[in-house]
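Next up: just one chain, as C-alpha coordinates, the form predicted alone.
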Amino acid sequence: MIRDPTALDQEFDLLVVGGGIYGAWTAWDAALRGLRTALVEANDWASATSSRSSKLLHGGLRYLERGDVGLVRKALVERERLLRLGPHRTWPLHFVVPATPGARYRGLPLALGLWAYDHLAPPGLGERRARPWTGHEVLGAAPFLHPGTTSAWTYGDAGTDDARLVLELVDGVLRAGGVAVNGARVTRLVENQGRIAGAEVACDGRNSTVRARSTVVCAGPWAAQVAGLDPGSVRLTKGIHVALPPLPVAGPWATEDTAFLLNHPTDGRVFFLIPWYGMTLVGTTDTDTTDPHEGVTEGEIAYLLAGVAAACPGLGWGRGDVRSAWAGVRTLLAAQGHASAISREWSLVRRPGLFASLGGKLTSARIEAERIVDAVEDDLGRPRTPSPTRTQPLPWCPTLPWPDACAEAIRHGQAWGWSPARSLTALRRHGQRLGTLWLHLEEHPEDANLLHPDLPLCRGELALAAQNMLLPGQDPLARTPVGLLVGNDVSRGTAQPEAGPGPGG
(Lines give C-alpha, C1' and ligand atoms only; values in the text may rest on other atoms or scores of the structure.)
Protein backbone atom coordinates (compact mmCIF):
# COMPACT_ATOMS: atom_id res chain seq x y z
CA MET A 1 0.00 0.00 0.00
CA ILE A 2 1.26 3.50 -0.86
CA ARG A 3 0.14 6.37 1.32
CA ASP A 4 -0.13 9.53 -0.79
CA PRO A 5 -2.14 12.42 0.74
CA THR A 6 -1.65 14.49 -2.45
CA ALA A 7 -3.89 11.99 -4.26
CA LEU A 8 -6.83 13.67 -2.49
CA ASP A 9 -6.28 16.84 -4.54
CA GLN A 10 -8.88 16.06 -7.18
CA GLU A 11 -12.64 15.84 -7.50
CA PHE A 12 -14.32 12.54 -6.69
CA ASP A 13 -17.70 11.01 -7.29
CA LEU A 14 -17.65 9.64 -3.75
CA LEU A 15 -15.79 10.46 -0.56
CA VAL A 16 -16.03 7.76 2.12
CA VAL A 17 -15.16 8.89 5.65
CA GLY A 18 -14.09 6.10 7.99
CA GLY A 19 -11.67 3.22 7.42
CA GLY A 20 -13.47 0.48 9.33
CA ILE A 21 -15.40 -2.43 7.86
CA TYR A 22 -18.33 -0.36 6.53
CA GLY A 23 -16.13 2.30 4.98
CA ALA A 24 -13.81 -0.27 3.38
CA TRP A 25 -16.64 -2.35 1.88
CA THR A 26 -18.38 0.80 0.60
CA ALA A 27 -15.25 2.21 -1.01
CA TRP A 28 -14.31 -1.11 -2.66
CA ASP A 29 -17.82 -1.60 -4.04
CA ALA A 30 -17.91 1.96 -5.39
CA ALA A 31 -14.46 1.74 -6.97
CA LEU A 32 -15.36 -1.56 -8.65
CA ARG A 33 -18.47 0.08 -10.10
CA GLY A 34 -16.33 2.76 -11.72
CA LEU A 35 -16.98 5.63 -9.30
CA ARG A 36 -14.04 7.92 -8.67
CA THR A 37 -13.67 7.03 -4.99
CA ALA A 38 -11.64 8.35 -2.06
CA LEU A 39 -11.48 6.68 1.36
CA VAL A 40 -10.08 8.60 4.33
CA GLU A 41 -9.46 7.43 7.88
CA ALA A 42 -8.43 9.63 10.82
CA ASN A 43 -6.16 6.99 12.39
CA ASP A 44 -5.13 3.59 11.03
CA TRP A 45 -7.33 1.19 9.10
CA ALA A 46 -9.63 -0.77 11.44
CA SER A 47 -8.13 1.02 14.43
CA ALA A 48 -11.37 1.09 16.44
CA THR A 49 -14.39 -1.24 16.60
CA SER A 50 -13.49 -3.10 13.39
CA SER A 51 -10.43 -4.63 15.06
CA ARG A 52 -12.13 -5.30 18.40
CA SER A 53 -15.06 -7.50 17.50
CA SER A 54 -15.69 -11.15 18.39
CA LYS A 55 -14.09 -12.10 15.02
CA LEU A 56 -17.32 -13.89 14.05
CA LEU A 57 -19.32 -14.05 10.84
CA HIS A 58 -22.63 -15.33 12.14
CA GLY A 59 -26.37 -14.84 12.15
CA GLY A 60 -26.61 -14.73 15.92
CA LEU A 61 -28.73 -17.26 17.80
CA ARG A 62 -29.76 -14.66 20.35
CA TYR A 63 -31.13 -12.39 17.62
CA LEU A 64 -33.26 -15.29 16.42
CA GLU A 65 -34.48 -15.80 19.98
CA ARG A 66 -35.92 -12.31 20.12
CA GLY A 67 -37.52 -12.50 16.69
CA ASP A 68 -35.02 -10.65 14.45
CA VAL A 69 -35.51 -13.28 11.74
CA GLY A 70 -34.77 -10.91 8.86
CA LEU A 71 -31.50 -9.80 10.46
CA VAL A 72 -30.45 -13.41 11.06
CA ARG A 73 -31.34 -14.51 7.52
CA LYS A 74 -29.44 -11.59 5.98
CA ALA A 75 -26.35 -12.32 8.07
CA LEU A 76 -26.42 -16.05 7.34
CA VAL A 77 -26.64 -15.43 3.58
CA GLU A 78 -23.64 -13.11 3.85
CA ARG A 79 -21.75 -15.63 5.98
CA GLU A 80 -22.05 -18.23 3.23
CA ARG A 81 -21.11 -15.68 0.55
CA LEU A 82 -17.91 -14.73 2.37
CA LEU A 83 -16.98 -18.36 3.03
CA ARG A 84 -17.19 -18.87 -0.72
CA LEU A 85 -15.53 -15.64 -1.90
CA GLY A 86 -12.79 -15.54 0.72
CA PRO A 87 -11.90 -18.97 2.13
CA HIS A 88 -8.57 -17.54 3.28
CA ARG A 89 -10.29 -14.81 5.26
CA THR A 90 -13.29 -16.74 6.60
CA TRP A 91 -13.31 -20.22 8.03
CA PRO A 92 -15.90 -22.57 9.55
CA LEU A 93 -16.17 -22.72 13.33
CA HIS A 94 -17.66 -25.66 15.18
CA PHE A 95 -19.76 -24.28 18.05
CA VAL A 96 -20.67 -26.34 21.12
CA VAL A 97 -23.71 -25.38 23.23
CA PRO A 98 -23.43 -27.48 26.40
CA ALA A 99 -26.35 -28.06 28.77
CA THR A 100 -24.45 -27.06 31.88
CA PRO A 101 -26.35 -26.43 35.13
CA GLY A 102 -28.32 -23.21 34.76
CA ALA A 103 -27.75 -22.98 30.99
CA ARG A 104 -30.34 -20.83 29.26
CA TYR A 105 -30.24 -22.73 25.95
CA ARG A 106 -31.14 -26.42 26.26
CA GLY A 107 -33.68 -29.09 25.34
CA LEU A 108 -36.42 -28.71 22.75
CA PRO A 109 -36.24 -24.88 22.48
CA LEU A 110 -32.53 -25.12 21.60
CA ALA A 111 -33.17 -27.92 19.11
CA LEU A 112 -35.91 -25.91 17.39
CA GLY A 113 -33.78 -22.77 17.36
CA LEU A 114 -30.84 -24.55 15.75
CA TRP A 115 -33.13 -26.20 13.21
CA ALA A 116 -34.42 -22.74 12.24
CA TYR A 117 -30.86 -21.36 12.21
CA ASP A 118 -29.76 -24.08 9.79
CA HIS A 119 -32.76 -23.66 7.52
CA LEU A 120 -32.47 -19.86 7.33
CA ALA A 121 -28.97 -20.27 5.91
CA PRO A 122 -28.32 -21.29 2.29
CA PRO A 123 -26.51 -24.61 1.80
CA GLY A 124 -22.83 -24.35 2.53
CA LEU A 125 -21.59 -25.54 5.89
CA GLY A 126 -22.69 -29.13 5.21
CA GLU A 127 -21.19 -31.25 7.95
CA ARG A 128 -21.40 -28.30 10.33
CA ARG A 129 -25.18 -28.60 10.56
CA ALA A 130 -26.59 -28.88 14.08
CA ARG A 131 -26.59 -32.21 15.87
CA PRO A 132 -26.96 -33.42 19.48
CA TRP A 133 -24.40 -35.12 21.72
CA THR A 134 -24.74 -36.94 25.00
CA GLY A 135 -23.20 -35.65 28.19
CA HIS A 136 -20.66 -38.47 28.09
CA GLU A 137 -19.62 -37.54 24.55
CA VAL A 138 -19.25 -33.84 25.20
CA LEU A 139 -17.37 -34.30 28.48
CA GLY A 140 -15.05 -36.73 26.73
CA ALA A 141 -14.04 -34.03 24.26
CA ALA A 142 -14.22 -31.09 26.69
CA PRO A 143 -13.57 -32.45 30.20
CA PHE A 144 -13.17 -28.94 31.53
CA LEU A 145 -16.94 -28.35 31.29
CA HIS A 146 -19.07 -28.48 34.41
CA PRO A 147 -19.33 -32.15 35.49
CA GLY A 148 -23.10 -31.75 35.63
CA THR A 149 -23.27 -31.20 31.85
CA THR A 150 -26.05 -33.49 30.63
CA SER A 151 -25.85 -33.02 26.84
CA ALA A 152 -24.79 -30.62 24.11
CA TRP A 153 -25.61 -29.45 20.61
CA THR A 154 -23.08 -28.48 17.99
CA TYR A 155 -23.69 -26.19 15.03
CA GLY A 156 -21.71 -24.31 12.40
CA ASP A 157 -20.76 -20.65 12.08
CA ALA A 158 -17.67 -18.86 10.82
CA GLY A 159 -14.74 -16.84 12.07
CA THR A 160 -12.50 -14.19 10.53
CA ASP A 161 -9.67 -11.75 11.16
CA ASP A 162 -11.67 -8.53 11.20
CA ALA A 163 -8.81 -6.04 10.92
CA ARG A 164 -7.07 -8.09 8.24
CA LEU A 165 -10.33 -8.14 6.26
CA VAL A 166 -10.42 -4.33 6.36
CA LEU A 167 -6.80 -4.08 5.18
CA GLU A 168 -7.57 -6.43 2.32
CA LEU A 169 -10.58 -4.38 1.23
CA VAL A 170 -8.57 -1.16 1.39
CA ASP A 171 -5.98 -2.76 -0.87
CA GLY A 172 -8.87 -3.67 -3.16
CA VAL A 173 -9.87 0.01 -3.32
CA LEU A 174 -6.38 0.91 -4.49
CA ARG A 175 -6.27 -1.93 -7.01
CA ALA A 176 -9.60 -0.75 -8.44
CA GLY A 177 -8.21 2.75 -9.04
CA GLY A 178 -9.50 4.42 -5.88
CA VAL A 179 -7.62 6.58 -3.41
CA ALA A 180 -7.18 5.51 0.24
CA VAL A 181 -5.36 7.63 2.82
CA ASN A 182 -5.16 6.99 6.55
CA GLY A 183 -4.02 9.51 9.13
CA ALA A 184 -6.40 11.88 7.29
CA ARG A 185 -8.87 13.49 9.70
CA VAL A 186 -12.03 15.21 8.50
CA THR A 187 -12.25 18.57 10.29
CA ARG A 188 -15.55 19.63 8.76
CA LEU A 189 -17.90 18.87 5.92
CA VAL A 190 -18.05 21.37 3.05
CA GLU A 191 -21.42 22.68 1.96
CA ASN A 192 -22.27 24.30 -1.35
CA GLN A 193 -25.76 25.69 -2.02
CA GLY A 194 -27.35 23.53 0.64
CA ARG A 195 -25.61 20.34 -0.45
CA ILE A 196 -22.59 18.59 1.07
CA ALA A 197 -19.81 18.81 -1.49
CA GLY A 198 -16.89 17.08 0.26
CA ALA A 199 -14.83 17.73 3.36
CA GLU A 200 -11.83 19.53 4.74
CA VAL A 201 -9.15 17.01 5.66
CA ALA A 202 -6.02 17.41 7.79
CA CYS A 203 -3.15 15.02 7.02
CA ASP A 204 0.56 15.28 7.92
CA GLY A 205 0.17 18.94 8.90
CA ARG A 206 -1.43 19.68 5.56
CA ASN A 207 -5.03 20.91 5.21
CA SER A 208 -6.89 20.28 1.98
CA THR A 209 -10.43 20.34 0.68
CA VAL A 210 -11.52 17.03 -0.81
CA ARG A 211 -14.21 17.76 -3.40
CA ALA A 212 -16.84 15.07 -3.85
CA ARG A 213 -20.24 14.89 -5.51
CA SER A 214 -21.46 12.55 -2.74
CA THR A 215 -20.08 11.88 0.74
CA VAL A 216 -20.68 8.83 2.92
CA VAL A 217 -19.83 8.83 6.64
CA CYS A 218 -19.00 5.37 8.01
CA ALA A 219 -17.31 6.54 11.18
CA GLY A 220 -18.84 4.12 13.69
CA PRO A 221 -19.07 5.73 17.15
CA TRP A 222 -18.15 9.09 15.61
CA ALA A 223 -20.63 8.94 12.71
CA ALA A 224 -23.28 11.21 14.25
CA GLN A 225 -20.66 13.79 15.21
CA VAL A 226 -18.96 13.84 11.80
CA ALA A 227 -22.25 13.91 9.88
CA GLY A 228 -23.74 16.63 12.09
CA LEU A 229 -26.62 14.45 13.29
CA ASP A 230 -28.51 14.63 16.57
CA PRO A 231 -26.35 12.73 19.11
CA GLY A 232 -29.56 11.25 20.47
CA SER A 233 -30.11 9.37 17.21
CA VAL A 234 -27.55 6.73 18.20
CA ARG A 235 -26.73 4.70 21.27
CA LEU A 236 -23.19 3.59 22.02
CA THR A 237 -22.53 0.30 23.78
CA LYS A 238 -19.22 -1.17 24.83
CA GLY A 239 -18.19 -4.80 24.48
CA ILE A 240 -14.97 -6.19 25.91
CA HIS A 241 -12.96 -9.32 25.18
CA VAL A 242 -10.11 -10.99 27.01
CA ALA A 243 -7.46 -13.28 25.54
CA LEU A 244 -6.80 -16.49 27.47
CA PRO A 245 -4.80 -19.69 26.81
CA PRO A 246 -5.91 -22.21 24.17
CA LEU A 247 -8.76 -24.59 24.96
CA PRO A 248 -7.72 -28.20 25.68
CA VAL A 249 -10.30 -29.88 23.43
CA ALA A 250 -9.89 -33.37 22.00
CA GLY A 251 -12.06 -35.96 20.35
CA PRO A 252 -13.46 -37.05 16.99
CA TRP A 253 -15.42 -33.82 16.46
CA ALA A 254 -13.40 -31.33 18.53
CA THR A 255 -10.71 -29.47 16.55
CA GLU A 256 -8.65 -26.30 16.75
CA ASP A 257 -11.70 -24.53 15.30
CA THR A 258 -14.06 -25.63 18.09
CA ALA A 259 -15.76 -22.76 19.95
CA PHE A 260 -18.30 -22.60 22.77
CA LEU A 261 -21.52 -20.66 23.30
CA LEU A 262 -22.25 -20.24 27.01
CA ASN A 263 -24.60 -18.29 29.28
CA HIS A 264 -23.45 -16.12 32.15
CA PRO A 265 -24.83 -17.28 35.50
CA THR A 266 -25.67 -13.80 36.80
CA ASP A 267 -27.74 -12.40 33.94
CA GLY A 268 -28.13 -15.19 31.37
CA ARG A 269 -26.27 -13.23 28.66
CA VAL A 270 -24.62 -15.18 25.87
CA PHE A 271 -20.83 -15.13 25.69
CA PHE A 272 -18.34 -17.05 23.58
CA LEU A 273 -15.08 -18.92 23.85
CA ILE A 274 -13.49 -18.63 20.39
CA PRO A 275 -10.13 -19.93 19.15
CA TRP A 276 -8.07 -17.22 17.44
CA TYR A 277 -4.36 -17.39 16.53
CA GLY A 278 -3.59 -19.95 19.22
CA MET A 279 -5.43 -18.08 21.97
CA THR A 280 -9.02 -18.18 23.23
CA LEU A 281 -11.10 -15.03 22.93
CA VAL A 282 -13.72 -14.70 25.66
CA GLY A 283 -16.50 -12.14 25.29
CA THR A 284 -18.44 -10.10 24.95
CA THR A 285 -20.11 -7.69 27.35
CA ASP A 286 -22.76 -5.13 26.45
CA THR A 287 -22.94 -1.92 28.48
CA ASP A 288 -23.86 1.66 27.63
CA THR A 289 -21.12 4.22 27.17
CA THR A 290 -20.70 7.77 25.93
CA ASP A 291 -16.96 7.52 25.29
CA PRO A 292 -15.77 5.85 22.06
CA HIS A 293 -12.31 5.52 23.64
CA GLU A 294 -13.46 3.89 26.88
CA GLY A 295 -11.19 1.08 28.01
CA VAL A 296 -11.59 -2.10 30.04
CA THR A 297 -12.33 -2.20 33.76
CA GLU A 298 -11.29 -4.88 36.21
CA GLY A 299 -14.98 -5.46 36.96
CA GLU A 300 -15.64 -6.36 33.31
CA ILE A 301 -12.72 -8.79 33.25
CA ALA A 302 -13.97 -10.36 36.49
CA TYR A 303 -17.46 -10.71 34.96
CA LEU A 304 -16.15 -12.74 32.01
CA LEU A 305 -13.89 -14.87 34.20
CA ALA A 306 -16.85 -15.64 36.48
CA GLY A 307 -18.86 -16.83 33.49
CA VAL A 308 -16.03 -19.12 32.38
CA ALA A 309 -15.54 -20.46 35.90
CA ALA A 310 -19.22 -21.37 36.22
CA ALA A 311 -19.50 -23.27 32.91
CA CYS A 312 -15.90 -24.53 32.60
CA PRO A 313 -14.51 -25.01 36.12
CA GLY A 314 -11.94 -27.48 34.82
CA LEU A 315 -10.06 -24.73 33.02
CA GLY A 316 -9.13 -23.07 36.30
CA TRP A 317 -8.55 -19.75 34.58
CA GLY A 318 -7.99 -16.73 36.81
CA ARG A 319 -6.86 -13.13 36.47
CA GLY A 320 -3.26 -14.22 36.01
CA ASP A 321 -4.18 -16.15 32.86
CA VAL A 322 -5.50 -13.06 31.06
CA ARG A 323 -3.02 -12.23 28.30
CA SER A 324 -4.74 -9.00 27.23
CA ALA A 325 -8.10 -7.25 27.25
CA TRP A 326 -9.67 -4.72 24.90
CA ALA A 327 -12.89 -2.83 24.35
CA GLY A 328 -14.86 -2.04 21.22
CA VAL A 329 -17.72 0.44 20.99
CA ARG A 330 -20.78 -0.40 18.89
CA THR A 331 -23.04 2.17 17.25
CA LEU A 332 -26.70 1.22 17.58
CA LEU A 333 -29.86 3.03 16.57
CA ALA A 334 -31.31 4.80 19.59
CA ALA A 335 -33.91 2.72 21.43
CA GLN A 336 -35.13 2.01 24.93
CA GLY A 337 -34.22 -1.09 26.92
CA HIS A 338 -31.12 -2.95 28.02
CA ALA A 339 -28.14 -2.55 25.72
CA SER A 340 -28.04 -6.25 24.84
CA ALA A 341 -31.70 -6.13 23.72
CA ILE A 342 -31.22 -3.32 21.19
CA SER A 343 -31.45 -4.41 17.56
CA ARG A 344 -28.26 -4.62 15.50
CA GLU A 345 -30.16 -3.50 12.41
CA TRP A 346 -28.54 -0.95 10.12
CA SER A 347 -29.86 2.38 8.88
CA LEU A 348 -28.77 4.94 6.26
CA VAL A 349 -29.50 8.58 7.11
CA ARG A 350 -29.64 10.95 4.14
CA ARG A 351 -29.13 14.67 3.58
CA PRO A 352 -28.45 16.39 0.25
CA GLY A 353 -25.07 15.07 -0.87
CA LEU A 354 -24.52 13.20 2.40
CA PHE A 355 -25.19 9.68 3.68
CA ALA A 356 -24.47 8.46 7.22
CA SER A 357 -24.23 4.73 7.96
CA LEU A 358 -25.48 3.85 11.44
CA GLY A 359 -25.67 0.52 13.26
CA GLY A 360 -25.08 -2.83 11.60
CA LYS A 361 -22.86 -5.88 12.07
CA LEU A 362 -19.52 -7.10 10.77
CA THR A 363 -21.25 -10.02 9.05
CA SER A 364 -23.75 -7.94 7.08
CA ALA A 365 -21.47 -4.99 6.27
CA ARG A 366 -21.02 -6.06 2.62
CA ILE A 367 -24.72 -6.13 1.71
CA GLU A 368 -25.30 -2.84 3.51
CA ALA A 369 -22.35 -1.24 1.71
CA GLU A 370 -23.94 -2.43 -1.53
CA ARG A 371 -27.11 -0.56 -0.57
CA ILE A 372 -25.09 2.53 0.27
CA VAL A 373 -23.51 2.57 -3.19
CA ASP A 374 -26.92 1.96 -4.77
CA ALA A 375 -28.12 5.11 -3.00
CA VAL A 376 -25.04 7.03 -4.11
CA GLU A 377 -25.64 6.07 -7.74
CA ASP A 378 -29.22 7.33 -7.39
CA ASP A 379 -27.90 10.54 -5.86
CA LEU A 380 -25.48 11.03 -8.75
CA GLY A 381 -28.15 10.35 -11.34
CA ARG A 382 -26.35 7.24 -12.59
CA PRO A 383 -28.15 4.04 -13.59
CA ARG A 384 -27.82 1.46 -10.84
CA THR A 385 -25.27 -1.23 -11.62
CA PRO A 386 -25.15 -4.64 -9.91
CA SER A 387 -22.63 -4.78 -7.10
CA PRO A 388 -19.48 -6.66 -8.19
CA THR A 389 -18.86 -7.65 -4.55
CA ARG A 390 -21.72 -10.15 -4.75
CA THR A 391 -19.61 -12.50 -6.85
CA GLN A 392 -16.04 -11.17 -6.95
CA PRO A 393 -13.53 -13.00 -4.73
CA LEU A 394 -11.87 -10.94 -2.04
CA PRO A 395 -8.76 -9.08 -3.25
CA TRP A 396 -6.27 -11.51 -1.68
CA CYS A 397 -8.20 -14.71 -2.41
CA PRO A 398 -5.78 -17.39 -3.70
CA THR A 399 -6.05 -18.06 -7.42
CA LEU A 400 -5.72 -21.81 -6.83
CA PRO A 401 -8.73 -23.81 -5.60
CA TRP A 402 -8.71 -23.66 -1.81
CA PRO A 403 -7.62 -27.29 -1.17
CA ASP A 404 -4.75 -26.84 -3.63
CA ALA A 405 -3.73 -23.53 -2.03
CA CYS A 406 -3.66 -25.24 1.37
CA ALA A 407 -1.52 -28.10 0.07
CA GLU A 408 0.89 -25.63 -1.56
CA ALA A 409 1.21 -23.60 1.66
CA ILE A 410 1.88 -26.71 3.73
CA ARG A 411 4.54 -27.83 1.24
CA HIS A 412 6.33 -24.48 1.43
CA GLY A 413 6.03 -24.35 5.21
CA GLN A 414 7.71 -27.74 5.57
CA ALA A 415 10.90 -26.19 4.21
CA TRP A 416 10.99 -24.01 7.31
CA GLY A 417 10.01 -26.77 9.72
CA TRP A 418 6.51 -25.42 10.17
CA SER A 419 3.54 -27.53 11.19
CA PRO A 420 0.59 -27.68 8.75
CA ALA A 421 -1.47 -25.55 11.15
CA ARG A 422 1.17 -22.82 11.17
CA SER A 423 1.39 -22.84 7.37
CA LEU A 424 -2.38 -22.57 7.07
CA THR A 425 -2.36 -19.60 9.46
CA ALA A 426 0.07 -17.86 7.10
CA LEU A 427 -2.20 -18.66 4.16
CA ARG A 428 -5.23 -17.29 5.98
CA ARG A 429 -3.45 -14.05 6.70
CA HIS A 430 -1.78 -13.46 3.34
CA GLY A 431 -3.87 -15.31 0.77
CA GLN A 432 -2.49 -14.88 -2.74
CA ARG A 433 0.23 -12.58 -1.35
CA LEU A 434 1.79 -15.44 0.62
CA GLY A 435 4.51 -15.69 -2.04
CA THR A 436 5.87 -12.37 -0.77
CA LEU A 437 6.47 -13.95 2.64
CA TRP A 438 8.20 -16.99 1.09
CA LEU A 439 10.53 -14.71 -0.90
CA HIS A 440 11.36 -12.73 2.24
CA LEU A 441 12.18 -15.92 4.16
CA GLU A 442 14.49 -17.11 1.38
CA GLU A 443 16.50 -13.90 1.81
CA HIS A 444 16.18 -13.84 5.61
CA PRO A 445 15.77 -17.44 6.84
CA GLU A 446 16.14 -16.35 10.46
CA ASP A 447 12.76 -14.62 10.13
CA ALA A 448 11.03 -18.00 9.87
CA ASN A 449 11.24 -18.20 13.68
CA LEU A 450 8.21 -17.45 15.81
CA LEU A 451 7.44 -13.82 16.45
CA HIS A 452 6.01 -14.76 19.85
CA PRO A 453 6.14 -18.19 21.52
CA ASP A 454 2.37 -18.29 22.05
CA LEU A 455 1.32 -17.26 18.53
CA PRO A 456 1.67 -19.05 15.15
CA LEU A 457 3.24 -16.03 13.45
CA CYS A 458 6.80 -15.70 12.17
CA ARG A 459 9.18 -12.77 12.44
CA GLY A 460 8.98 -12.29 8.69
CA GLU A 461 5.43 -11.02 9.19
CA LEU A 462 6.74 -8.22 11.39
CA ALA A 463 9.36 -7.35 8.78
CA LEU A 464 6.71 -7.16 6.03
CA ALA A 465 4.47 -5.07 8.27
CA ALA A 466 7.34 -2.65 8.91
CA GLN A 467 7.90 -2.31 5.16
CA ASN A 468 4.25 -1.42 4.66
CA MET A 469 3.72 1.01 7.54
CA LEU A 470 1.37 3.76 6.48
CA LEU A 471 1.53 6.09 9.49
CA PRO A 472 4.72 7.90 10.55
CA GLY A 473 6.21 6.37 13.69
CA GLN A 474 3.66 3.55 13.89
CA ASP A 475 4.65 0.38 15.75
CA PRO A 476 4.64 -2.46 13.19
CA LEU A 477 3.21 -4.78 15.86
CA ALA A 478 -0.07 -2.91 15.37
CA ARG A 479 -0.24 -4.62 11.96
CA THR A 480 -0.17 -8.10 13.51
CA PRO A 481 -2.40 -9.78 16.12
CA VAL A 482 0.49 -9.63 18.62
CA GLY A 483 -0.40 -6.10 19.71
CA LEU A 484 -3.96 -7.19 20.43
CA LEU A 485 -3.42 -10.61 21.98
CA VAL A 486 -0.32 -10.29 24.13
CA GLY A 487 0.73 -6.66 24.06
CA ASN A 488 4.09 -5.46 22.77
CA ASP A 489 6.47 -7.41 25.03
CA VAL A 490 7.71 -9.68 22.24
CA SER A 491 11.33 -9.81 23.33
CA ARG A 492 10.55 -11.66 26.59
CA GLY A 493 7.52 -13.47 25.20
CA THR A 494 5.45 -12.46 28.22
CA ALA A 495 1.89 -11.26 28.15
CA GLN A 496 0.92 -8.12 29.99
CA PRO A 497 -2.81 -7.48 30.49
CA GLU A 498 -3.61 -4.30 28.69
CA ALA A 499 -6.77 -2.29 28.03
CA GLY A 500 -7.50 -0.92 24.60
CA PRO A 501 -4.35 -1.91 22.64
CA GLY A 502 -3.72 -1.05 19.02
CA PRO A 503 -5.54 -2.86 16.25
CA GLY A 504 -4.75 -6.40 15.25
CA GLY A 505 -3.93 -6.68 11.59
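For clarity, every value in this text was computed on a predicted model and none was experimentally measured. So that there is no doubt, residue numbering starts at 1 and follows the sequence shown.
There is also a form predicted together with a small molecule; it is not shown, and the following applies to it.
Visitor: Spot the stretch among 171-179, 347-355, 401-409, 234-242 with residues whose non-hydrogen atoms come within 4.5 Å of the small molecule in the model of the complex.
Guide: Looking at the other structure, the answer is 234-242.
Visitor: Exactly one residue in 430, 422, 264, 185 has a non-hydrogen atom within 4.5 Å of the small molecule in the model of the complex; which is it?
Guide: Exactly one residue meets the criterion: 185.
Visitor: Of the options 154, 284, 214, 324, which one has a non-hydrogen atom that comes within 4.5 Å of the small molecule in the model of the complex?
Guide: The residue in contact is 284.
Visitor: Can you check whether residue 33 is within 4.5 Å of the small molecule in the model of the complex, heavy atom basis?
Guide: Residue 33: no contact with the small molecule in the model of the complex.
Visitor: Please check if residue 480 has a heavy atom lying within 4.5 Å of any heavy atom of the small molecule in the model of the complex.
Guide: No, residue 480 is distant from the partner.
Visitor: Quick check on residue 329: any heavy atom within 4.5 Å of the small molecule in the model of the complex?
Guide: Residue 329 belongs to the contact set for the small molecule.
Visitor: Is there a non-hydrogen atom of residue 163 within 4.5 angstroms of a non-hydrogen atom of the small molecule in the model of the complex?
Guide: Close contact is absent here: in the model of the complex, residue 163 is far from the small molecule, nothing within 4.5 Å, heavy atoms only.
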